[in-house]
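One chain follows as structure tokens, the form predicted on its own.
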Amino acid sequence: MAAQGIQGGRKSNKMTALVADDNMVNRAIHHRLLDNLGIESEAVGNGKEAVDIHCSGKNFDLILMDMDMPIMNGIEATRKLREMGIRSMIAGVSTRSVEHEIREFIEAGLDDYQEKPLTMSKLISIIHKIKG
């Protein structure tokens, strides 16, 4: 079930995810959903931290990216990660429902977009896209 990722130079069969969301409750919910599927996850509170963690050499199979965050929002962070050559599946997760804002987020380089709240069925849908 798990995709093969590389962590710190060693291969791991466990899928990994990064949760980028400034809301602690959302981070906890997303972590719990991922954990229930056996996916190791780390969390950051804004887009700059999501970019920085990749600059430090970490890679993830999946990035759950909130749109509205301080310092660097999800659109900017997604665009920057793609410019850096990050090929992880990036799924935008937001409460936004304005079509042009969602379109801008997707055009920044998202692979998928889900409206909050993130549920187990939405997360499984994202993971099926990773496995192809």
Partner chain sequence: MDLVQLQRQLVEYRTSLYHEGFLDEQFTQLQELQDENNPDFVVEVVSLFFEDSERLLNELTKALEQQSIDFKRVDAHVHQLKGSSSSIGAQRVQKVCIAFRNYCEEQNVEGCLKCLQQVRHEYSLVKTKLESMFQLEQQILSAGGSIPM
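The structure presented is a predicted model; accordingly, all values stated were derived computationally and were not measured. Residue numbers count along the first chain shown, from 1.
Not on display, but discussed next: the form predicted in complex with its partner chain.
With a 4.5 Å cutoff on heavy atoms, Asn46 does not count as touching its partner chain in the predicted complex; it lies far away. Although the partner is absent here, Asn13 sits far enough away that none of its heavy atoms falls within 4.5 Å of its partner chain in the predicted complex. Using a 4.5 angstroms threshold between heavy atoms, Ile71 stays clear of its partner chain in the predicted complex.
In the predicted complex, its partner chain lies within 4.5 Å of some heavy atom of Ala28. Screening 54-62, 73-81, 28-36, 102-110 for residues having heavy atoms within 4.5 Å of its partner chain in the predicted complex returns a single hit, 28-36. Contacts to its partner chain in the predicted complex (heavy atom within 4.5 Å) from stretch 100-128: Pro117, Leu118, Thr119, Met120.
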